[in-house]
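So this first bit is one chain, no partners, the form predicted on its own, shown in structure tokens.
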């Protein structure tokens, strides 16, 4: 079956065929590293990680180039440095490392490329020079701006009329703009802000820094080429960020008018109650916080529980249900621990679901069917095949990467008992029972139960897990 993806640009589901099957290119907008990402920010990395895995499965691991950037120069970063007194480089390095660790805990593979904006200033200045030379940009009061009226295809991605484009730009109608919809490519820096000298050909002087939209266009061109196969990101980036990327890239390319991306994919919002989760609304929760109490795979399962283009309501109930479902899978894998899995292909039911525009709810339903088959298999060959299919399907979805025994030990919250304390208490309980000190053994049992720890005694010893 051919992979079909919903292309935001065309507004319909289309068969995906890369321009070059030996070099499949995908770019996903990454974080601005000045603070912790919230769980809504984690939806694109998880969603596009599934697509990354699927593309690697279909075209080969070495054939897929996936870039996810870090925005490490931005007004929010500068403000954080001014407020804390920390150097900008220290702030961006700290939160980039935290972001990588948090996303890895959610089971995402490392991207092929992780470009940083500050590493591509020369390429950004080259794009600005090209736009100025072709009449698509102008210099005014120390700024360089893109002239939206110079690009008659502006708005084709967002499908917004001109009035809505102006109203939705969410930028101040500044006196240096020729048109309210024009957007900044380069802006001046104050003495205490980072900046780079503008080329003399621009008609402005002094130090400045790039606009946000310019950064992604330059990083895409430097690492992946003029036209890429897939550009992804959250629905909130569709306008103005991605619309502006298209305009400046199409107008700057020497070949003239070539598309920036052949497919545009956007994931839906993550909602906290009825509102979109956002830092500006103050209704956020971060993966960094959630990982103190929940295993990363639980967060991943929850994020994949709805179709990526649909909104997803983030609740404690969603996490609890995700944990229960994963427990069922790991219980089955635990029951099959004595069976060595054989090599097998990813089941057709899983592939069919994911090839249909990453239909993860359908893939989850197929995954449950595989679990049921594994749980009821009787002969050794049937059990080996069922286990292998379950693990192959899980790998494509980024699930079941834990040893079942370790899975049930779980993740303690900051107030929970640490693993070594639990092990020590169980050793003490075993010793108390051997010495017939049943009162002490019962005390330990009650203490563990109060901390949501259950255990099972067997001839092979005692195993435990968190509830």
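Treat the numbers as computed from the prediction; the structure is a model and nothing was measured. Residue numbers count along the first chain shown, from 1.
Keep in mind the form predicted in complex with adenosine monophosphate (AMP) is missing from the figure; the text below concerns it.
A.B. asks: Does adenosine monophosphate (AMP) come within 4.5 Å of any heavy atom of residue 259 in the predicted bound form?
C.D. replies: Result no; residue 259 lies far from adenosine monophosphate (AMP) in the predicted bound form.
A.B. asks: So in the predicted bound form, is adenosine monophosphate (AMP) close enough to residue 398 to count as touching (4.5 Å, heavy atoms)?
C.D. replies: Flag for residue 398 set to no.
A.B. asks: Please tell me whether any heavy atom belonging to residue 336 falls inside 4.5 Å of a heavy atom of adenosine monophosphate (AMP), as the geometry stands in the predicted bound form.
C.D. replies: Outside the cut-off, so no.
A.B. asks: With heavy atoms only and a cut-off of 4.5 Å, decide whether residue 429 touches adenosine monophosphate (AMP) in the predicted bound form.
C.D. replies: The answer is no: residue 429 has no heavy atom within 4.5 Å of adenosine monophosphate (AMP).
A.B. asks: Pick the stretch from 36-44, 53-61, 430-438, 399-407 whose residues have a heavy atom within 4.5 Å of adenosine monophosphate (AMP) in the predicted bound form.
C.D. replies: Only one stretch qualifies here: 36-44.
A.B. asks: Could you tell me which one of 240, 233, 296, 115 places a heavy atom within 4.5 Å of adenosine monophosphate (AMP) in the predicted bound form?
C.D. replies: If I apply the 4.5 Å criterion carefully, the residue I get is 233.
A.B. asks: Out of 136, 288, 276, 371, which one falls within 4.5 Å of adenosine monophosphate (AMP) in the predicted bound form, going by heavy atoms?
C.D. replies: Checked against the cut-off, the match is 276.
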